[in-house]
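A single chain, nothing else alongside it, follows as structure tokens in the form predicted alone.
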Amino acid sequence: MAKVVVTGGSGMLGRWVVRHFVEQGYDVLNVDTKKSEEQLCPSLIVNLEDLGETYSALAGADAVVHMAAIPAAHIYPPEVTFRNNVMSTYNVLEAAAGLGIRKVVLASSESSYGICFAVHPFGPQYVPMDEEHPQLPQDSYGLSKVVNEKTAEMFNRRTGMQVVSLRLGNVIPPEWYSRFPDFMNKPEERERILWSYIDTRDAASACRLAVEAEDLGAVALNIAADDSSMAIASRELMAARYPEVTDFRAPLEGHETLLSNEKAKQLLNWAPKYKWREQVNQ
């Protein structure tokens, strides 16, 4: 049985990642700063900004899924967010390299493109926005995700370690679908995330498939549902909120996602299963 360490396994998404790996038969250790409300596997309280503690926590693992982070801008002072997210990721990768762990999955973010927390708002250069779209953050959170992806590339060059950075869209647990009627007809809401979302269960399966994949090197992948989070068609959303964007790289005839997930589908053989439209009466 393969052992996977999930950092941040007590968090909102981390709990679903832990649950999924346990259900798939993995030996799982949750590493976090607090115990999980669900005791699905052993937990260890660890400060990932301490390299020695990180080494100890990862010892014996076959793979690491690194979810632990300050999860958004404006929760802590920007320098705290940057230091925590960058140093914890560096330490996880450094410890994994030293311990001979060959596979790591990192939680990156759509915020790395910069639109989400921009001080000076701007729109996408084209849609659907794929992984080749420029990353232009104006905030320390988005910058931390860009730095972490570059750190992953460095460790891959140095050690050959496979590191898959998942640029997660807005993560939605099933109980949050009841909130969708409050915003699904308001294009001004959620425009900063291009109206994207991803079910926690689909994000968890992407983590597992990224661990099980082979020969990916260091790669970043958008993880989003196939549709937007809105009842309004995608072209109408763009016309209402980003009329300056004229570069459409897909037909967009309905409610298609504006955060492209095609690369993840191709490289991971992954496909999102859960849609809010099947959970909410429109």
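The model shown is predicted, which means the values in this text are computed figures rather than measured ones. In this text, residue numbers run from 1 along the sequence as written.
Keep in mind that the form predicted together with a small molecule is missing from the display, and what follows is about it.
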item: Triple contact flag P124, P128 and V245 to the small molecule in the model of the complex, non-hydrogen atom at 4.5 angstroms; value: no
item: In the model of the complex, D32 touching the small molecule (heavy atom, 4.5 Å); value: yes
item: Exercise: V171 in contact with the small molecule in the model of the complex, heavy atom 4.5 Å; value: yes
item: Proximity of G11 to the small molecule in the model of the complex, heavy atoms at 4.5 Å; value: yes
item: Contact test in the model of the complex: N47 vs the small molecule, heavy atoms, 4.5 Å; value: yes
item: Contacting member of I70, L40, A240, A233, with respect to the small molecule in the model of the complex [4.5 Å, heavy atom]; value: I70
item: Of L194, L93, A204, A107, the one that lies within 4.5 Å of the small molecule in the model of the complex (heavy atoms); value: A107
item: Options 179-187, 107-115, 149-157, 205-213; stretch whose heavy atom lies within 4.5 Å of the small molecule in the model of the complex; value: 107-115
